[in-house]
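First comes one chain, alone, set out as structure tokens in the form predicted alone.
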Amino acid sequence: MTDDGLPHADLGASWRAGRPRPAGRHLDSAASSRQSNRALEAAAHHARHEAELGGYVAEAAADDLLQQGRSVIGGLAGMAAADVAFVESAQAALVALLTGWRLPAGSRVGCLPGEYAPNVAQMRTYALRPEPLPVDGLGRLDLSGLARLLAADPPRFVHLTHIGSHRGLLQPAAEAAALCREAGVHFVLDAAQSLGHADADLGADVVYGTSRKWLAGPRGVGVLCVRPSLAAALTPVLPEPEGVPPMRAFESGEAHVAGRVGLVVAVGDHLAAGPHRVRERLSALGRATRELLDGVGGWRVVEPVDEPTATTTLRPPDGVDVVATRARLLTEHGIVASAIGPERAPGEMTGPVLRVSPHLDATIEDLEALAAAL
């Protein structure tokens, strides 16, 4: 532990030293993290190769690195390289999954009442019927209620957002996956906010997410990981040639390959740091954020103080405009945070919140500066 109570000070120092100096105080990793110099340089190096060699020749030259990346990313989800497809975003991953699955219209999908609104919109686009899973007063999945649902009237699959974008609750995904597996129901994990933040190797049939958040890779890259038992039931628009893993058919041939290269390097940095150590420091940062901010200026923290995530959401005092506050924090104090409107999760949110999501390099001084600004 360090003098300020945060564990693994070396991670904070190395994260800070390995990145461009921020223009202010970046407390918005749940939106988009700061890339490392290594990731930036790797993406730029590949882009230069495209200019020198041609895009497809450069992609072929990077094939070994990309395959290593699929293997490592698959490992984070408890799967193999053959189970991984690079896509453009978490939303693109969900679209690819639903496009390939081709479920009958009207198929029921169990998801949280506070499900991310774009996920619900995609399900409805594919004529699926999202139905709310049982939750407690905080919005955390009720495992006993899930077990009863699976026994009495199971949905076609259960979709669980591991950590919401509007609330820093960690859902009991491992327990939910086990219940679904026992009931013979597929379990899909939205790990957009948990890859690089929480353990995602939990036994899900599908894990999908994005590069730009807690893994701190480039924007415009995402991943879709599907176990072979379910991948065999997916039908891509155009199948891959014989001998190529079936999930590769879900990768776009017009992709930003330089971004994929940057993500692979970023994931390597994550593994080098030690995922357990990363999670411990992020959890400690979340606790420190909640302890410092709850009640400041009338703002109230939504999450339990000891929630093991780095994401904190704050309800505003009466009459305070969250969007205007976010703008003031940026322009007057150089603090980057997010204003989250209720349209993000209309089934759960009753009003806007201010989201604070520090990464490894954040300090107690940064959090104190935010408290003073609020």
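Predicted, not measured: the structure shown is a model, and the values here were computed from it. Quick note: we count residues from 1 along the sequence shown, nothing fancier.
The next section is about a form of this same protein that is not shown, the form predicted in complex with another copy of the chain.
When another copy of the chain is considered in the predicted bound form, Thr125 lines it closely, a heavy atom lying within 4.5 Å. For Ser32, a non-hydrogen atom is located within 4.5 Å of another copy of the chain in the predicted bound form, even though that partner is not displayed. Not displayed here, another copy of the chain is kept clear of His270 by more than 4.5 Å at the level of heavy atoms in the predicted bound form. Not displayed here, another copy of the chain is approached by His256 to within 4.5 Å at the level of heavy atoms in the predicted bound form. Of the listed positions (Gly54, Gly341, Pro317, Gly347), a single one reaches within 4.5 angstroms of another copy of the chain by any non-hydrogen atom in the predicted bound form, namely Gly54. Note on the partner interface in the predicted bound form: the residue among Val305, Ala44, Ala61, Ala327 having a heavy atom within 4.5 angstroms of another copy of the chain is Ala44.
Residues with any non-hydrogen atom within 4.5 angstroms of another copy of the chain in the predicted bound form fall in just one of 195 to 203, 216 to 224, 153 to 161, 78 to 86: 216 to 224. Taking a 4.5 Å heavy atom cutoff to another copy of the chain in the predicted bound form, the contacting residues in 5 to 25 are Pro20, Arg21, Pro22, Ala23, Gly24.
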